[in-house]
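Just one chain follows, in the form predicted alone, and it is written as structure tokens.
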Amino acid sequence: MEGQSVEELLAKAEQGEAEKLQRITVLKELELEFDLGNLLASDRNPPTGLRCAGPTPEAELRALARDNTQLLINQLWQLPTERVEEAIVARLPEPTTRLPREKPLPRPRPLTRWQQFARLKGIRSKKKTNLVWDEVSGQWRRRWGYQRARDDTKEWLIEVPGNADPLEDQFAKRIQAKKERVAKNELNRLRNLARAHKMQLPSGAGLHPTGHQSKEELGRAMQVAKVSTASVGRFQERLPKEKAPRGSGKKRKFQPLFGDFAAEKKNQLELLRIMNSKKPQLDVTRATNKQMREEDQEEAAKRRKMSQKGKRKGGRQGLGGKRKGGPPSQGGKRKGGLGGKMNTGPPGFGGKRKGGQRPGGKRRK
């Protein structure tokens, strides 16, 4: 019994070793392609097992994934290793497969106005060292920032300039000047960002932090400040001779999108009534004026047409008429011509006229 138990134990041990070898040893018809830098393994073998798996290929997929992962781990164990903080790690080679980026390449930062001007003029910036010698403290200190060299903010005594007010606080003036410089730099930075992103800059109604505003800028800033209230400047007091601002139209009012269904129904019914009404609304005064204007235009056109016809008829008769007395241009005697002898037509254009200064004379009918 004891011999059989030993033999069984040895058989079980051999079987376990075979199972272990079977777990770490995977046979493939085509070798896998490995990219250890990206921990990537590409299997080009046809999935024959999945075709025979039927409608439930989950078990075959798990087995295939396990085999391929085992082959990848076997390749990792062949890499050189090193110890880092009581842990053994493998040094991965450089990746060979180019993977796509998650995000696009960053665009180059746009140039500021000063950088554009410097590039245009060929100005090159000179690099300055960060540390400079401070004669007051006798140490090397930073050029800018905290604990910089020649820091005038630590002075306990400031000399008052000769042209300044002796009662003015020079310390407060220095602090205010620094705040204005910081605000100006921030404003320029925001303008550069807006220009780089091609955004519409805000209106220049605001005042510059350094002062020196023109009359137009002050007026524009005052108008913007007045309409910046909740009532849009309706209850703001005006100066005695102040003019009304231009472009201050009425604010449009829109009906609510939901809630007042009775008013909406009433408006829709009124619109339908107007559209379906047989007698359209008529402005009697406007229609009368339009009719009278059309009649006047027709009469004027008729008079113009008759006057043109009379001028053409008189001109044809005067080309060959017979006249007596004076030159032909003033009604003299003329024979022949294009039309022969003519006694009709207006006097003065070739007709025969007798007697004094009568406008028409005697005409032949």
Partner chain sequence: MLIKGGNANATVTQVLKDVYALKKPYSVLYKKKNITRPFEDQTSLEFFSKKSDCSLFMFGSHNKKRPNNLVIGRMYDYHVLDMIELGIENFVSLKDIKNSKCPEGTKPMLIFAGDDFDVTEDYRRLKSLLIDFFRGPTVSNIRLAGLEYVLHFTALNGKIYFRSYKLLLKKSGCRTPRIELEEMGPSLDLVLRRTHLASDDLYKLSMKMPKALKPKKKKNISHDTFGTTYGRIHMQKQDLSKLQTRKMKGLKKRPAERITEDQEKKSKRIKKN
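Numbering follows the first chain given and starts at 1. The shown structure was predicted, so the numbers you read here are calculated from the model rather than taken from an experiment.
Although it is not shown, the form predicted in complex with its partner chain is what the next lines describe.
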item: Stretch from 290-298, 97-105, 267-275, 175-183 whose residues place a heavy atom within 4.5 Å of its partner chain in the predicted complex; value: 97-105
item: Selected contact from Arg91, Arg286, Lys241, Arg234, since only one has a non-hydrogen atom within 4.5 angstroms of its partner chain in the predicted complex; value: Arg91
item: Among the candidates Leu257, Ala87, Leu120, Leu167, the residue which, in the predicted complex, approaches its partner chain to within 4.5 Å (heavy atoms); value: Ala87
item: Complete contact of Asp43, Trp77 and Thr81 with its partner chain in the predicted complex (any heavy atom, 4.5 Å); value: yes
item: Close approach of Ser307 to its partner chain in the predicted complex, 4.5 Å, heavy atom; value: no
item: 4.5 angstroms heavy atom contact with its partner chain in the predicted complex for Ala149; value: no
item: Non-hydrogen atom contact Arg23 with its partner chain in the predicted complex at 4.5 angstroms; value: yes
item: Non-hydrogen atom contact Leu218 with its partner chain in the predicted complex at 4.5 angstroms; value: no
